[in-house]
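This document starts with one chain, in the form predicted alone, laid out as structure tokens.
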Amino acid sequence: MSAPRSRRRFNDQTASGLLLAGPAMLGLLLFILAPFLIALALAFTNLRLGSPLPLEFVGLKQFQRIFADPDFLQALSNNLLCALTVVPLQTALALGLALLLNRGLRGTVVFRTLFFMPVVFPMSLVAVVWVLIYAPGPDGMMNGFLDLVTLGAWEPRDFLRDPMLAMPALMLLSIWQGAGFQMVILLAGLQQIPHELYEAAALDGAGRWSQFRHVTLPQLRNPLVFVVLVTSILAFRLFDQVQIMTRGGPNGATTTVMYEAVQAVFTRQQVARASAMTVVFFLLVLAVTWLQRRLARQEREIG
């Protein structure tokens, strides 16, 4: 009697699970898997809009061409540099803000709203505002601020047209704009840590730093892993700021894989070439995500 009852319960739970997961699975199928498969198929062709040549299968030629293109390699290196810089700095800033707001000081709600506000605004609006902040000449806000901080030693620079400063300027904007989202997630994680753990650590003679290392960080492990994963994906997806503020310049200093793909398909109508770029981009983000998950799992097993 127990086997049929348990089988019936399993079937009911399976049907309920499929019904609940169905809309999400359908969305993943339509908006992620299907576009990727179409891009993968187009990447092995010579499709170019307006070309008189017939559609042909060209094998790996599109991938060979993009990896021989110095602009694409520059875009890849810019994406890696952005991810390696933005992810640790933005996560550290968000963690610092979350720790500060978790202390229960007066005005916490106001500061939490102010820190989260940049996340609400569209990136196009934020980028336009930061173009004004980076305005060249002594009247620019950033130049004026640095002149004030350095007591007049700073010489005004054109941040968005300087090959050495253009990418750091975009990364500073990205860190400022996204830190609020991470802060909210980490703050929620901090508020879930039982206070008894800190009391027990204090009884054992642990100071603030020891409590942070041995209580706060282990308890924040899952929120931190999530934050790092999301930030990595967003850092690799850098496009809006580039399109609005620098258009990939100067001399390719701020171009990214997404920007090169959009330029290929919408400016030069090279659909197959853009598809190959997006396939490489997808596999790169997938590899980074898998590597992070792998390292996090190993740390958990060691711990």
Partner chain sequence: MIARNARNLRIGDRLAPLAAVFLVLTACDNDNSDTTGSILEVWAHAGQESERSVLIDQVAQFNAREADVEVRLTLIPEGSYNAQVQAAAVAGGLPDLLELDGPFLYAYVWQGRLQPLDRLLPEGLRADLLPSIIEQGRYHDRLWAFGTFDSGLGLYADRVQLEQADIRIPDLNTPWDAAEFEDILERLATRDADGQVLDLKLNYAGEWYTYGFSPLIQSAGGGLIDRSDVARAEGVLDGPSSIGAMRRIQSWILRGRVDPNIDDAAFATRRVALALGGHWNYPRYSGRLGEDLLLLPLPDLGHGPKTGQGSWCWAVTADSTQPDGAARFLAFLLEPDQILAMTAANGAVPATRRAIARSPLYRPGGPLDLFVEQLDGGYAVPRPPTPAYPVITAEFQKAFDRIRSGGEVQAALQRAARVIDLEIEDNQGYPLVGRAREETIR
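These numbers come from a predicted model, not from an experiment. Numbering follows the first chain given and starts at 1.
This next part talks about the form predicted together with the partner chain, which is not shown.
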item: Contacting member of 37, 29, 49, 60, with respect to the partner chain in the model of the complex [4.5 Å, heavy atom]; value: 49
item: The single option of 88, 168, 144, 136 touching the partner chain in the model of the complex, heavy atom within 4.5 Å; value: 136
item: Non-hydrogen atom contact residue 67 with the partner chain in the model of the complex at 4.5 angstroms; value: no
item: Contact label in the model of the complex: residue 247 to the partner chain, heavy atom within 4.5 Å; value: yes
item: Residue 161, heavy atom within 4.5 angstroms of the partner chain in the model of the complex; value: yes
item: Residue 268 within 4.5 Å of the partner chain in the model of the complex, heavy atoms; value: yes
item: Stretch in contact in the model of the complex with the partner chain, which is absent here, among 211 to 219, 191 to 199, 69 to 77, 98 to 106 (heavy atoms within 4.5 Å); value: 69 to 77
